[in-house]
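Alright, two takes on the same chain below, each alone as C-alpha cells: structure 1 and structure 2.
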Structure 1
Amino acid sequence: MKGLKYALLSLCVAMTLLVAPSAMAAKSSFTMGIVLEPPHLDPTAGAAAAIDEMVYANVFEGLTRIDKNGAVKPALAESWDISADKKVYTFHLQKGVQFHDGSKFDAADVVFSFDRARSEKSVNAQKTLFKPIKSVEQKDANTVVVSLNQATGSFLFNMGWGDAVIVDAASADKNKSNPVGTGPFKFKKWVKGDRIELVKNDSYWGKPARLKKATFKIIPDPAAAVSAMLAGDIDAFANIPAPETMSQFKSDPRFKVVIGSTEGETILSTNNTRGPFAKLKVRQAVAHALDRKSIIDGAMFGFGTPIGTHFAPHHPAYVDLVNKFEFNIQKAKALLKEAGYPDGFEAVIKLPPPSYARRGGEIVASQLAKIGIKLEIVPVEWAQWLDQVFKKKDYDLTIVSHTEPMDIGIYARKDYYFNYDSPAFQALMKRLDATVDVQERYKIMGDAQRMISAECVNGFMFQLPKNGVWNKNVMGLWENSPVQANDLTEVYWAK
C-alpha cells in the first residue's frame, strides 16, 4: 500500500507538471472597446476614422505602412527605388503573399487598386492622395513602376494611409461587408451594433500575429465603457470616452493608463457659405468667443492641447497660433456688430456621438450665447453625421476631430464640407506637393497654418489626446496615434 501511495503521488506530481504550463499559458484572445461603429469596413470607400481604426494593418495593407512613431516602413513593397528627379518610384513587392480568400497577390493588384482609387468614378475619400500619379505600370509580377506628374515629397507617406491599401479586383466590391485583405488578421463576423470579430491569418506572409482572435466591442456610452473595463468584459480602450475616470484607473493596479497624442484636431467645423458664417467677421467673432481652456476642462477634464490652427502640436512644422484670436467677449460682440448682427442670430449645431463632441457642444453653445449667437443643439448618430454634415453639407456648425495624419490639405478641396474655397490656399498646397526639401516644406506648412487661422475657416479648439486604458498584462498597443489605427499586429498577453 505504501508503495502504491508513493506511485500515485508521483503520478499526480507528474500530471501537475504537465498541466501547469497549459493552465498558465498566456491568453490568445483580446477584446478592445471602441466608441463608434463604422459605416462599413472598406477603407478605400469611406471617410470615417472608425473604419481604419479596425482594419488598418490588421486586415488590409498598402505598399508602405506608418508605424507607431509615424515613420514610413515597407509593407507589401519590400523595397523601392526612386529616380533622380523624384518622379519615378519602382516598388519591389513581397513574394508569396495571398489574400485571405486564397487569391495570389501580385503587381496587377497594385495597378488595379491605384487606377481604381484615382479614376473618375472613384469613391475614395482621399482621392487627392493619388492626384500626383501619372501612370501605374506592371513591370513584372513582383515589380510596379509608379510615375508622378511632379516630385511629391509626401508620396511614400501618403501610400501608407488606409485609403491606399491594396485590394483584389475579385473581392473589392464586397469589402464593405466582407473585407478581404492580405493582413495578419482575417475578418470573421460583424454583429451590427455590438461587435466585429477578427481571427488570426495562419497563411500570413510576414510576422504572424500573436493573438488568435481579436474583437472590437462597440460601446458608445461613456458610463458603459467604464463599467465594461472595470468588470473585465473588455481588455482595453485605446481612447476611453470618459476622461474623468483616468485617475480612478490610475489607482487601480489591474490597469495601465497611457496618455498619448493623436493627429486629431478637434474643431468647431463651420459651413463657410451658410448664412452669417459666410462673413469673415462673424467667424472672427466666434473665434474670440471660444474659451479653449473651459472647453478642454469641461469636455475633456483637462486632457487636450489648445490649438489655433489645423495642425498637430507635436509636429516640427507646427506654428503656435493659439493667441491670435484670444478669448475676448467684448471684441467678439464688436465684430458681430460690425458684421451686421448687433443682436446676434440663431443657428444649429449638429453633434455626433463622441463625448468630446456632445460635451463640448454644450459648452460651445453656452459660450456663443454670451455674444448673442443662440445655438439649437441637435444630436445625430454617426451615420447621420456622415450623410447630413459630411456628404450633404446640411449644417451650420458641428464638432468633430479630424484624425487623418497631416491633413491640412483638406482645406484646398473646393467641395469639402467646410465649403472653403481659397485659390491662394489651393496654390499653396500645389507648392507643397511639388516640394521635396524638408525645411522648405515646413515653411509652406507654416504659411498654410497662418492662412486658415487668419480666415477663421473653423473654430480651432484642441488636439485630441489618446487616453488609453488597458489590462496591465496587455503588451504591444500603440501609445500614440500617428494614424487612425488600432494596430493589433504586435499585441500579446504578458501572462
Structure 2
Amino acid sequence: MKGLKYALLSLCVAMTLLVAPSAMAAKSSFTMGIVLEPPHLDPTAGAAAAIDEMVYANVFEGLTRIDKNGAVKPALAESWDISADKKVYTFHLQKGVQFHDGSKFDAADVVFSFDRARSEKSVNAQKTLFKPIKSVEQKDANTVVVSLNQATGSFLFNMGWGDAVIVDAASADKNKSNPVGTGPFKFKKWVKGDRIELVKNDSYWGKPARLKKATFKIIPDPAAAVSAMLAGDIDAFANIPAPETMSQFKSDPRFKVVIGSTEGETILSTNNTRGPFAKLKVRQAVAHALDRKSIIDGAMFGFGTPIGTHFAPHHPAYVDLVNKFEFNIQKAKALLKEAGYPDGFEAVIKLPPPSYARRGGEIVASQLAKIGIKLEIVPVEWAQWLDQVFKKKDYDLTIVSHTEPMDIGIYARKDYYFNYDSPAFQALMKRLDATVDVQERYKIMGDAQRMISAECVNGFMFQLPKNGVWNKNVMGLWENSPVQANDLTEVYWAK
C-alpha cells in the first residue's frame, strides 16, 4: 500500500516536470474567440464581416492597408505616385513577395485581382469600391498603373478594404475553403463549427508575426463565451457579445478590458416603401418615440454612443444630430395623428441573433407601443435575415449594426434593403465621389448626414462599442475597429 502511494507521488512529480516546461513555452500561440462563423474565407466574394475579421491583414493583404487608427498605410504597394489631376495612381510594388503556396507575387496578380473584382461576373460584395477604375495596367513586373474615370478622394482607403485584397490567379477560386494570400499568417485548417487555425508564414516579406500559431474559436453563445473567457480557454475576445459582463471582467485582475469604437452604426432599419413607414411623418414619429438612453442602457448596459444619423461619431466629419429628433412621446403621437394613424398600427420587427438586436428589439417594441405602434417580435437566424430581410426586403423593421467603415453611400443604392430612393441623395453621393479636397468632402458628408436624418430613413440608435476583453499579458491587439478586422500581426505575449 505504501509502495503504491510512493509510486503515485513520484508519478505526480514526473507529470509536473513534464508539463511545466511546455506550459512556460506555450506563449507563442494565441486563441481568440469570435461570435460568428464565416460562411467561407474569401474576402473578395462575400459581405460577411466574419470573413474579414479572420483573414484581413493576417492572411490576405491589399495594395494599401488600414491600420489600427484607421489611417492608410502601404502594404503590397511600397509607395505610389498620384498624377496632378488625381486620376492616375502609379503603385510601386514590394519586391520578393510570395504567396503562401510559393508562387511569386507581381504586377500581374494586381491586374488579375482588380479585373476579377470589376468584371461583370464578379461576386465582390463591394463592387462600388472599384467603380471609379477605368483601367488597370501592368507597367513592369513591379509597377501597376491604375487610371480612374474621375478623381476619387477615398481611393487609397478603399483599396485597403478586405474586399480589395490581392489574390493569385491559380488559387483564387479555392480561396473560399483554402485561402492563399501573402500575409504573415498561413491558413492551416478549418474545423467547421469549432475553430479556424492559422500558422506563422516563415517566408513573409515584411515584419514577421510574433505568434507561431493563432486560433479563432467560434463561440456563438454569449454565456458560453463568458465562461470560456473566465476559464482561460480563450485568450481574447475582440468584442464579447455580453456587455453586461464587462464590470465583472473589469474587477478580475487576470483580464484587461478595453472599450473601443467600431464603425457599427446600430440602426432600426426601416422598409421605406412598406405600409405606414412609407410616410415621412410616421418615420419621424418613430424617431421621436425612440429613447436612445434606455436602449443603450438596456441592450448594451450603457456601452454605446447615441447617434442621430448614419455616421461614426469619432469621424472628423461627424455631425451631431442626436437631438434633432429628441425623445418626445407627445410629439411622436401628434405626428402619427397627422399621418393618419391616431390609434397607431401593427407591424412586424425581425431580429437577428446578436444581443444588441434581440434585446434592443424588445425595448424598441415597448417604446413604440407607447405611441400605439404594436410590434410583433420575430427572432430570425442570420441566414434567414440575409435572405428575407436583406435580399427579399420582406420586413417592416429590423435592427442591425452596419459595421463597414464610411458606409453612408449605401443610402444612395436604390436596390438596398432600406428601399430608400432619393435622387437628391444620390446626386450628393456622386458629388462626394468626385471631390478630392478633404474639407469639401467633409462638408458634403455633413449634408448627407443631415439629409438622411431629416428624412428619418431609419431609426438611428447608437454606435456599437468594441467591448474587448483579453488576458492582461496579451499585447498588440487593436483597441478600436476602423475596419472589420482582427489584426494579429503585432500580437505577442508580455510573459
Partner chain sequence: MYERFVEVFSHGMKNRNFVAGGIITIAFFGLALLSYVWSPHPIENINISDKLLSPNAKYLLGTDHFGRDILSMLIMGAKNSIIVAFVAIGIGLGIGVPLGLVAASQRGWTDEFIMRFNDFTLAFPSLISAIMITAIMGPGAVNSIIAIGIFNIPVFARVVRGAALNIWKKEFILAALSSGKSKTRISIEHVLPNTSSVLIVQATIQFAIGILAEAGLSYLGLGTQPPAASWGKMLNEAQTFLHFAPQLAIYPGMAIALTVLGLNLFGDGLRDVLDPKLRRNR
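Here, residue number means position along structure 1's sequence, counting from 1. What we label the rigid core is the largest C-alpha set whose atoms superpose within 1.5 Å from one form to the other. Every value quoted in this text rests on a predicted model; they were computed, and no experiment measured them.
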| task | Choose the one of the two that is the form predicted in complex with its partner chain. | result | 2
| task | Have a look at 164, 465, 287, 296 and flag the one at the hinge, given that one rigid part turns against another between structures 1 and 2. | result | 465
| remark: The number of degrees by which the smaller rigid part pivots relative to the larger between structures 1 and 2 is 9
| task | Enter the rigid core superposed C-alpha shift of residue 385 between structures 1 and 2, rounded to one decimal in Å. | result | 2.6
